[in-house]
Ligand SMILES: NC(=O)c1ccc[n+]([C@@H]2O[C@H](COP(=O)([O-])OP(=O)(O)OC[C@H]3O[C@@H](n4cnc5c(N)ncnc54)[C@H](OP(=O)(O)O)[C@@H]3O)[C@@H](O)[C@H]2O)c1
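Single chain ahead, written as structure tokens, the form predicted alone.
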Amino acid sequence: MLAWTVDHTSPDHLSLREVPDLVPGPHDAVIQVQAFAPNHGDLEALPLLPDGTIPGWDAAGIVVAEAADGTGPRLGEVVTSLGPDSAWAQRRLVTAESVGIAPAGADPNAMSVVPVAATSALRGLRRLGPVLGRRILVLGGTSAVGLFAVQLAARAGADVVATTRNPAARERLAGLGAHEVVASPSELSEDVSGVLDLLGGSHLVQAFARLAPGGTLVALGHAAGEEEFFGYGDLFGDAGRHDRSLTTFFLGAEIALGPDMTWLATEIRSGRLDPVVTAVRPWHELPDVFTAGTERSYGKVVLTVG
């Protein structure tokens, strides 16, 4: 089969080449990959991966072989799959624990964005507890995770504030459910009860300063590429700053994601959740789409597998 593999002799650290056919274990089903949605974290990690690695966390496809032990998805089902590697290939091994089942007629392109972006937003939002009637900040609202977080928080009844430095993106965020859009946490008119942070760095420090008593900041992403520096007094608990918390998040440590991915796939298929796909390209264009220095798109770029 064909797969994109890590190749450090290439300027892009990638080569599309023939690789050995998959050998499934008893718990593995095989899917024919129809689409995958690269994450910038995948791309940033390429120089660190061994030659020959097949990268990629997200892939959607159709089951072409069931697991020998009878578990997992059934033959012919469309699934959205999650794993730490092996997504950028014509076929992929999946297990019952690594897939969400897509509804009949679901678009594989839309399904491919579910595993990392949508599921991270859902699980991160749950870390904040009930958000009905609470003021929630999505820091980095135009990232793929941020766009899903805005939608999910709004549907859960939150008063959603999102950040973006691009004035042209404000209407997009408002359309997805943001009640207020600001350029940075320093522009907030009042404190917030929770923060989903996709940026990190100085943005995280500023957002933590705007947490109301008892509020929580979930560090979901680090797109700013900056270090965080808390000054003396930033973590004081007096003057209405008590009981605030900061928690880290890693999707790979989350368990029982299958039902959540199935629910998200259903919501996207029904039109109740926007899949935030901004472009669909053939998979052989992968290096050109994500070449070094390319500006991040507001949403997901999906690659279709031929």
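Quantities reported herein were computed from a predicted structural model and do not represent experimental measurements. From 1 onward, residues are counted along the sequence shown.
The discussion below concerns the form predicted in complex with the ligand, not included here.
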| query | Looking at the ligand in the model of the complex, do all three of R165, L220 and A224 come within 4.5 Å of it through at least one heavy atom? | reply | yes
| field | Contacting member of A144, V114, V79, A87, with respect to the ligand in the model of the complex [4.5 Å, heavy atom] | value | A144
| remark: The one option of R172, H203, R135, R91 with any heavy atom within 4.5 Å of the ligand in the model of the complex is H203
| Close approach of V277 to the ligand in the model of the complex, 4.5 Å, heavy atom | no
| Contact label in the model of the complex: H40 to the ligand, heavy atom within 4.5 Å | yes
| said: At 4.5 Å between heavy atoms, is V131 in contact with the ligand in the model of the complex? | reply: no
| field | Contact flag, F290 vs the ligand in the model of the complex, heavy atom cut 4.5 Å | value | no
| message | Can you tell me which of 246-254, 48-56, 29-37, 261-269 lies within 4.5 Å of the ligand in the model of the complex, counting heavy atoms only? | response | 246-254
